[in-house]
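There is one chain below, alone, in structure tokens, taken in the form predicted on its own.
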């Protein structure tokens, strides 16, 4: 028996904005860090000195390359280093859910494993996540890095929406049929899943994500003149903190404007911060941004004139494009995932809007067929306390089962068949 199977698996959920990492069997990830790498480019940008001995010049350049490889930071540490020093260059390895810089991604994983989780990768099986519609070549690169660089004994690459669905169960029996609305920092996907299998032809993506909410809040605060109080280098960070701290979803945007106008003292909040360079305190008011930020999901034209389809309509189109025998089950289990779905009352507003669309279709159908009564369609949006970490928690639960180790690709398989084994990852029935 492989001794690695007796130890908890490492679960790492790599997102565009944040990476969640920890060990299987836990309810929450141990660490939640921004997916960003700060590289020191000053060593590589040094001009090669002409010397009498070419070997000395080569040695200098080699040492510079080694130092550049060693001097890098990730997460909050990387962001603070880039703000306080000009020699570090910030790199985002993942954009719109896809890995674009594999060198930076490998360094990121290295820090995650050795510096944060402080474990030996040769002693643990690994579960990593990927966004839907990821190219098979991307899984091969991931497999190469994990098996070659970190020498892991086993690897499983799971699709994020399937894990989110596994985390969204409400009974003892895990319901693996439903629609996952995954609103991350860099991408928004609506993914229908039937019996644990993704219906690839019905996946919908929209161009509005958590980062767009942050940009919109930043834009609103700038238009209101609050940028005078906020340091330019902190502008985006303040907008992100405002989004995470104060924003909520309103039922009626006009009524909400009236509430704020009638009782500004009750609804306007104050954000306080410290300037990173001087250490001086500053503050700014947070008003309409509190409810206008999340409103971009329901009225996207207020932010992006090129995209006018609200999220509830995208969900309805996604379900309508799925096989007809799965539609009722999909409407019944709409699961939220990602930090940008954690706004207060987001699930209530979404459920009401989807119900309205479905109700209008049912009424039109009844009128068309001479008032023949249709069986009502149950619409249910599932919200739970851990939806911010839903993907990671689903991975933690799945990696705790014995079936997980049987489904993993092992180091021996990799050495025999190569990286192509990572192209497919079987859906296993350990959950239900």
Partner chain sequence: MVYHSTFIDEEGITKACGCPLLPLKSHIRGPAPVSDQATTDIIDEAITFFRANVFFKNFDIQSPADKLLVYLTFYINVALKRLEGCRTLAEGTKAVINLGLEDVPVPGESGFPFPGLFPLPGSEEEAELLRNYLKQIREETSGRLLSVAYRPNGTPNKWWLAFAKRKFINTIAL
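Fair warning: this is a prediction, and the values are worked out from it, not measured in the lab. Numbering follows the first chain given and starts at 1.
There is also a form predicted in complex with its partner chain; it is not shown, and the following applies to it.
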Next on the checklist: My question is simply whether residue 325 lines the interface with its partner chain in the predicted bound form - judged by any non-hydrogen atom within 4.5 Å.
Outcome noted: no
Checklist entry - How about residue 254: is it within 4.5 Å of its partner chain in the predicted bound form, going by heavy atoms? => result yes
Checklist entry - Wondering, does residue 287 line up within 4.5 Å of its partner chain in the predicted bound form on heavy atoms? => result yes
Item to check | its partner chain contact in the predicted bound form: residue 206, any heavy atom under 4.5 Å | outcome: no
Item to check | One residue of 343, 108, 216, 88 in contact with its partner chain, assessed in the predicted bound form (non-hydrogen atom, 4.5 angstroms) | outcome: 216
Checklist entry - Of the residues 135, 268, 119, 362, which one places a heavy atom within 4.5 Å of its partner chain in the predicted bound form? => result 268
Checklist entry - Check 185, 233 and 236: does every one of them have a heavy atom within 4.5 Å of its partner chain in the predicted bound form? => result no
Item to check | Which of 314 to 322, 90 to 98, 224 to 232, 186 to 194 lines the interface with its partner chain in the predicted bound form (heavy atom within 4.5 Å) | outcome: 224 to 232
Next on the checklist: For a quick check, can you give me the residues of 278 to 306 that have a heavy atom within 4.5 Å of its partner chain in the predicted bound form?
Outcome noted: 285, 286, 287, 288, 292, 299, 301, 302, 304
